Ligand code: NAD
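First comes one chain, alone, set out as structure tokens in the form predicted on its own.
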């Protein structure tokens, strides 16, 4: 408990400023006044107590931020890639200096276990370093030679962009979106999720200290139906990048339609992990447990459908049941905690509602199935037992709908063809995972499983240059490496004649 108590004490020191002051907006290089603003309580999922008040952004606040981003765009666009690189590397250095603060604040704000949040600053800094290194080459294009013409392409930043980030891992996902936008030469208006907004303020502070010019980075807190809606409709915003629910993505596309905004939507998933009889048993077991129960199951790429082959099923399920029973639920600041509280009481109730749905559909609740109420947690917190549904089929709601909690649905298959059918029978297509010892099986599955990303004999291994994104209702567009620049930049083709081709003649005397 000494480590827990020490973490609580340190977290309280970092949180005190949020408790003492309303967290406002960062617009055009300055923090807005809290005088007379509407605000809302920011609750920690640990016990649902308030840890401060957050300014509720109005249409006027979004307008001011968008106007600032528009005014600053030309200057930032014309800043050399080499200079942008220096600023973004300085940004990464400053993130690392505040790594402990970021981890503790985020853990309290969103309920994620500190064992995972300690990597948040490291990953965020890595995002900025990666795209900083690419900033000098962001405008590069292709050279396309013809006999009498040479075509070449150049890229230019699209303009001010709106970035809307989620509540589950807000710090890392904010850096994943904002870093390439800045490296490309775009200016940014960031609206963080209202349920976990605190590290967005830290990021805005870091942007100022790193030397990002006023107006290049703007952050407005608030609700989706007001601040978010206006951001997606504002004519100055040329593109919107969202991480969120599929339903939210659909609304944002409608809201941005009148101004023909470019959209990048990373949305929901009901991702399958397919385990064949010949899989490496222990590695597959580790991966199955990790990819649904880490981050409280609140991960877009979580493998929430286990599709297990019949020959290995009995042995694998027996081992899986023991692992799920042994998961350590607790205070998120306890280093031993593996599963913490869910983000909000309403989300907790949503996840718990699937326990009744499972029973109604005829599945078995083999582990968990209710609230977690151990002596090591506050009864007022949003704790749910890690849960395992068995004897399910793919027609059940627990196999089709995104629960977004520490809940795994197990389905049995016999043949490879059946596994493919089960995997693809979903409105989602974000991620999939295959575990097999046969390379032929792996390659066939790789080509036939409908998904934006597929890992073979691996959990969600992160590779920054690789494309990240989904298909179907899981989204539109790709993050990562040059794929990010394709979104945040316009490509222009330039055709240069060699002076040797024949130009057609019309209207000339014959």
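Every value quoted in this text rests on a predicted model; they were computed, and no experiment measured them. Residue numbers count along the first chain shown, from 1.
Below: the form predicted in complex with nicotinamide-adenine-dinucleotide (NAD), not depicted.
Among residues of the shown chain, residue 165 is one whose heavy atoms approach nicotinamide-adenine-dinucleotide (NAD) to within 4.5 Å in the predicted complex. Contact check for residue 316: every heavy atom lies farther than 4.5 Å from nicotinamide-adenine-dinucleotide (NAD) in the predicted complex. Contact annotation: residue 251 falls within 4.5 Å of nicotinamide-adenine-dinucleotide (NAD) in the predicted complex, judged by heavy atom distances. At the 4.5 Å threshold, heavy atoms of residue 430 reach nicotinamide-adenine-dinucleotide (NAD) in the predicted complex. Of the candidate stretches 81-89, 150-158, 227-235, 363-371, only 227-235 has residues with heavy atoms within 4.5 Å of nicotinamide-adenine-dinucleotide (NAD) in the predicted complex.
Distance criterion of 4.5 Å from any heavy atom to nicotinamide-adenine-dinucleotide (NAD) in the predicted complex singles out 268 from the list 386, 215, 268, 197. Between nicotinamide-adenine-dinucleotide (NAD) and the residues 338, 418, 245, 101, the one pair within 4.5 Å by heavy atoms in the predicted complex involves 245.
Applying a 4.5 Å heavy atom cutoff to nicotinamide-adenine-dinucleotide (NAD) in the predicted complex picks out 173, 191, 192, 193, 194 from 171-197, in order along the sequence.
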